[in-house]
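For reference, the chain that follows is the form predicted on its own, supplied as structure tokens.
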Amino acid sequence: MLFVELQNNKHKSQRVKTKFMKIGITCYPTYGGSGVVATELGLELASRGHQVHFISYAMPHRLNRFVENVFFHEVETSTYPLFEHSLYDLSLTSKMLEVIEYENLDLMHVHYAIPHAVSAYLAKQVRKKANKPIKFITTLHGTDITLMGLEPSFMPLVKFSIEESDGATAVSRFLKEKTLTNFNIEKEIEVIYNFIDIEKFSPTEDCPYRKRVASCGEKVIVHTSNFRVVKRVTDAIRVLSKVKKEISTKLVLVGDGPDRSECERLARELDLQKDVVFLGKQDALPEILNASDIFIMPSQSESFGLSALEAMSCGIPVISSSVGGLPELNIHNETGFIAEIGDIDRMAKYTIDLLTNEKKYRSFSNNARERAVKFFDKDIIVPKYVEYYEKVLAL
């Protein structure tokens, strides 16, 4: 851990010792929320003077530019013909040990329990045997607990890896309670919500993209996800089919994944192929969100809802299902509306209500932005992670 003495300009005799940590971060590099949160956290930590080392099998999705204090270490899996399947978890452990040793890391922070927490535990045991201890923190993001972790064959391993973590965090109160209940864990789990860059994701009147997607002045509904079945993207298309009967509307779908083909098929079946715009994976999310009127999230499982927060920060009201941590983010009849899973009629009704009531829409838009700024700004949340790191290191 680095200590830097900073001179106070107003009181030259006063010196403050600032602790800069060397942190290893492991996450999935894909388009999903856990990888986005982990990458954005690392970038924010680096901007605050900490040294961050990403360890993964590919470059994280949002690590797309040079940033001082940020390093990437690629995990290479063995191609030895004896092994029929990839040994990623063991290769990850080996890379963790290498980076911990040669970069002199203070702490490992892994995102998603399987297999990252297990690999970190193995690395910790190797270091302990060599009398060179390392601590690690596990952040739980959702499906590692509510889906993958509930597989009978995985449950003992997930429970063990969480209990053996030196610290554990969850991205919502819902996920914390779900973890404690499902796995019968007595370990303390800290709730640290996901965060947003309120400057990057901010409302703007200049939306050139809107003219391209809604050239005839239609209203625009937007959805962002990794197109897994659990996201119920087809529900968004069915909502559009009902809304269009009263309001000229387009639906913009951002992302890609296993359910995209089914979504494209449904759009053709409902004769909506000209009204549903598939953009695929995109980095220009603020521009797309600001070209929209409503964000829709009909998921059947959602531990937090990071993409909904990004929309709220742009002043876009959210229509969501009532599952998981979404009610902790989206406040019913204030920042948007909440409906039961699969209640397409009610979601359509709420959407029409907002799109036809300018005064209510403006109020919800302001409330959404205000909530994002007040509770989920990066300058509020990231220091909580730093504080938690220091707490764990002091144990």
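Throughout, we count residues from 1 along the sequence that is shown. Since the model is a prediction, treat every value here as computed from it, not as a measurement.
Keep in mind that the form predicted in complex with a small molecule is missing from the display, and what follows is about it.
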Legend entry - Residue contact check: Pro60 to the small molecule in the model of the complex, 4.5 Å heavy atom: no
Legend entry - Partner proximity in the model of the complex: Thr143 to the small molecule, non-hydrogen atom cutoff 4.5 Å: yes
Legend entry - Heavy atom of Val171 within 4.5 Å of the small molecule in the model of the complex: yes
Inset, instruction - With heavy atoms only and a cut-off of 4.5 Å, decide whether Asn226 touches the small molecule in the model of the complex. - result: yes
Inset, instruction - May I ask you to choose, among Leu43, Val37, Cys27, Ile338, the residue with a heavy atom within 4.5 Å of the small molecule in the model of the complex? - result: Val37
Inset, instruction - Could you tell me which stretch in 86-94, 130-138, 296-304, 101-109 has residues with non-hydrogen atoms within 4.5 Å of the small molecule in the model of the complex? - result: 296-304
Legend entry - Triplet Arg210, Pro286 and Ser313 all within 4.5 Å of the small molecule in the model of the complex via a heavy atom: no
